[in-house]
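Take a look at this single chain in structure tokens; it is the form predicted on its own.
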Amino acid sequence: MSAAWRARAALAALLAPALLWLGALILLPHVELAVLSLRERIGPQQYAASLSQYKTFFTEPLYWHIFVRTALVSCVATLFTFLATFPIAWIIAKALRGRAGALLFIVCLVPFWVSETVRTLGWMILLRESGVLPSLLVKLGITQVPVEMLYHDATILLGLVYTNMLFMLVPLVSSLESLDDALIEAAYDLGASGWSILRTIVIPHAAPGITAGAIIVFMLTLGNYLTPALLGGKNSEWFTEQIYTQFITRFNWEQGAAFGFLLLGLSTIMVMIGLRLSGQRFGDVMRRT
């Protein structure tokens, strides 16, 4: 048995569990959903190949409206997550060193030790009409009566940004830590402004981390069900709710499968557009995750 053959056998043995997991839990369910989405029920236990499920999506204004709204809000949430996280990542990677930076990172990490359900319910306790924040505003004389802060687009955005901050923070910190401080010092010595340094040195260097974080946050936001449902209520108009309704409420698995593949197609297209606009390669981005 040659050394090359033994190396290939060892590599195959190492990859077998991962490939089995991908095949059993990801590939096979997607194949089954694809089959479901391409058929139509014509009678009890009788089906025929059809594209009617996709036709329903394009001919029904409600579905199309919710689909576009979900995509736009996900893009805005991704942008806000980056804007909120970048200063924190910069402080951890550059301003603080050693234990102080590690401590701040742990502080950012601690809330994510709790499940998303508990964190979202915490926002509901804070923002509901009888919650902590509206009562505080009344005591401070800012409002006359408690204000209902739930069930608004801004509340959904707040919840989505908070839920996904960690997934933007990690690749940003990883990218910024590799930035040589001498480049920034040289730029200051040459008279460059802070904005110029940020635009010409920091952002280009951190571009792979920014792209990786944006991809992860966008995909998680696009497929999020719990946060929009709890913080947005019936007014959330999130596309994952339509998928849930088709599968669980209406037992229309064919339509739900078609909606699921449309959401998958949207996320794939948006990722490709993001990579093209940022000038990044997929392999470089994934190394930052």
Partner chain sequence: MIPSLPRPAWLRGATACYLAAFLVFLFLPLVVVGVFAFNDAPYPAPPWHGFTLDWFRGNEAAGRTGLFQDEELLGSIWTSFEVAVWVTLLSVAVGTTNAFLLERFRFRGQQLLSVLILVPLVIPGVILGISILAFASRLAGLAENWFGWEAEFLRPGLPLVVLGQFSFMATIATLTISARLRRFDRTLEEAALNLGASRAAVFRTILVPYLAPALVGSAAICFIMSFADFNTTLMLVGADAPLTVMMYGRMREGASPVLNAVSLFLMVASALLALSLLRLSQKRNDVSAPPAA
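Treat the numbers as computed from the prediction; the structure is a model and nothing was measured. Residue numbers count along the first chain shown, from 1.
Although not depicted, the form predicted together with its partner chain is the subject of the following passage.
Trainee: Answer yes if any heavy atom of E185 is within 4.5 Å of a heavy atom of its partner chain in the predicted complex; otherwise answer no.
Mentor: Answer yes; at least one heavy atom of E185 falls within 4.5 Å of its partner chain in the predicted complex.
Trainee: Give a yes/no on whether A77 approaches its partner chain to within 4.5 Å in the predicted complex, heavy atoms considered.
Mentor: Residue-level check for A77: no, no contact with its partner chain.
Trainee: Can you work out whether H30 and its partner chain are in contact in the predicted complex, taking contact to mean some heavy atom pair no more than 4.5 Å apart?
Mentor: Close contact exists here: in the predicted complex, H30 approaches its partner chain to within 4.5 Å, heavy atoms only.
Trainee: Tell me, yes or no, whether Q144 is in contact with its partner chain in the predicted complex, where a contact means a heavy atom of each within 4.5 Å.
Mentor: Although its partner chain is absent here, Q144 would stay clear of it in the predicted complex, with no heavy atoms inside 4.5 Å.
Trainee: Here the chain is shown alone; which of A48, V68, L51, I26 has a heavy atom within 4.5 Å of its partner chain in the predicted complex?
Mentor: The option sitting close enough to the partner is I26.
Trainee: Name the single residue among V138, A102, V118, L72 that comes within 4.5 Å of its partner chain in the predicted complex, judging by heavy atoms.
Mentor: Looking at the other structure, the residue within range turns out to be V118.
Trainee: Can you list, in sequence order, the residues from 119-134 that come within 4.5 Å of its partner chain in the predicted complex, counting heavy atoms only?
Mentor: Going through 119-134 in order - heavy atoms within 4.5 Å of its partner chain in the predicted complex - the hits are R119, T120, L121, G122, W123, M124, I125, L126, R128, S130, G131, V132.
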